[in-house]
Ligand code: GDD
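Next up is one chain by itself, shown in structure tokens, the form predicted alone.
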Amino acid sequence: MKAIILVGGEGTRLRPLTYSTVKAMVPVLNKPFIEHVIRYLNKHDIHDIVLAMGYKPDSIMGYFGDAHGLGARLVYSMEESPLGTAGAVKNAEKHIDDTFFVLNGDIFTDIDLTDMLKFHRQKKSKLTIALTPVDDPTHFGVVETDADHRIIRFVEKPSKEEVTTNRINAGVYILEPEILQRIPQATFCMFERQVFPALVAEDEPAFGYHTDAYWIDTGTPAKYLQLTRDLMYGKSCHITFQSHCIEVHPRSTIHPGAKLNGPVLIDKDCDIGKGVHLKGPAVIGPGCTLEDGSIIENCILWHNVKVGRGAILRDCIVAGDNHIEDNSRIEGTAINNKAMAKKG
């Protein structure tokens, strides 16, 4: 079994963080996001993985190589220009010879892929789409199914009056390779707008796999922060972190006068000063310095961040190599400009 992960572009919704870092490499619990996805696929015995990508590929290839160390066989499918979700898969056609999965590259989920594949085969489906419930489906593309879970209609961002289901496209698909014949070569094409609706209109077997497993679209800074919070509070079955956990790399130094309230994760080569108060959930990347008296609450700091004396950060994401000035007060923002953050 193979899977294609749609890494795609630089992730406009996740700006400013992805100006300098491709979204697949954004750290989640101090590991690249895409590494979590690869490990998730491995747990479902999916080891042959194609990364369909077109933005800053060198950073991904340089980090993972062929991913042999993760128990996977990774190949790269490069786009010279944006091709859309379906076009990107068509571009990777030479790597496909049987039933395969497609995953949107900014989705984190616990969907049981093994059970989904079993469902797909039982239904003799050509397309199976994972469907997940949301509180407000008006912001998404909803998928209507009949009593047998056969897809009957797609409705993009319905009004409240139009809502007939709260089940949305979860960005996880199983496809039969013959569907690739429907996608034009080297042309921008979207599964959601062109390929899938045409299949349903022609009454081809297409089914929705209903799931209540953990699922989140991490495409915005707020959702990225929520993902970290969820994982540190044990909401995903693939992450063992819990609310009381405080994990500190042995190569980091914590002053005895510092106070840590879990969940807290501190990577290597960090220096946590006197009187620092870390209030979880908090993730501190490698090489960070938290100077005396600083307060960090519900934050993610990437690599080599320096937080000055007495600075207060709440609900923030700070990208690598930033310096927060002494006595700054910053709340609810994402920083990736390599400038000194000013006092609040």
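Just so it is clear, the model here is predicted, and its values are computed rather than measured. Note that residue numbering follows the sequence shown and begins at 1. If you superpose the two forms and keep the largest set of C-alpha atoms that fall within 1.5 Å, you have the rigid core.
The following text describes the form predicted together with the ligand, which does not appear among the structures shown.
- Only one of 145-153, 254-262, 199-207, 106-114 lies within 4.5 Å of the ligand in the predicted complex by heavy atoms, and it is 106-114.
- For the residues E247, D271, E192, E176, the 4.5 Å heavy atom test against the ligand in the predicted complex is passed only by E192.
- The single contact residue among F101, W215, F119, F241, judged by any heavy atom lying within 4.5 Å of the ligand in the predicted complex, is W215.
- No residue of the trio P221, C299 and V318 has any heavy atom within 4.5 Å of the ligand in the predicted complex.
- Contact annotation: N169 falls within 4.5 Å of the ligand in the predicted complex, judged by heavy atom distances.
- Contact between K157 and the ligand in the predicted complex is found at the 4.5 Å heavy atom cutoff.
- The ligand is not shown here, but in the predicted complex it comes within 4.5 Å of a heavy atom of L6.
- Although the partner is absent from this view, T228 stays clear of the ligand in the predicted complex, with no non-hydrogen atom inside 4.5 angstroms.
- Contact annotation for 196-213: no residue has a non-hydrogen atom within 4.5 angstroms of the ligand in the predicted complex.
- For N261, the Cα coordinates differ by under 2 angstroms between the shown form and the other one after the core has been superposed.
- Positional change of K124 between the shown form and the other one stays under 2 Å at the C-alpha, relative to the superposed core.
- For F140, the Cα coordinates differ by 2 angstroms or more between the shown form and the other one after the core has been superposed.
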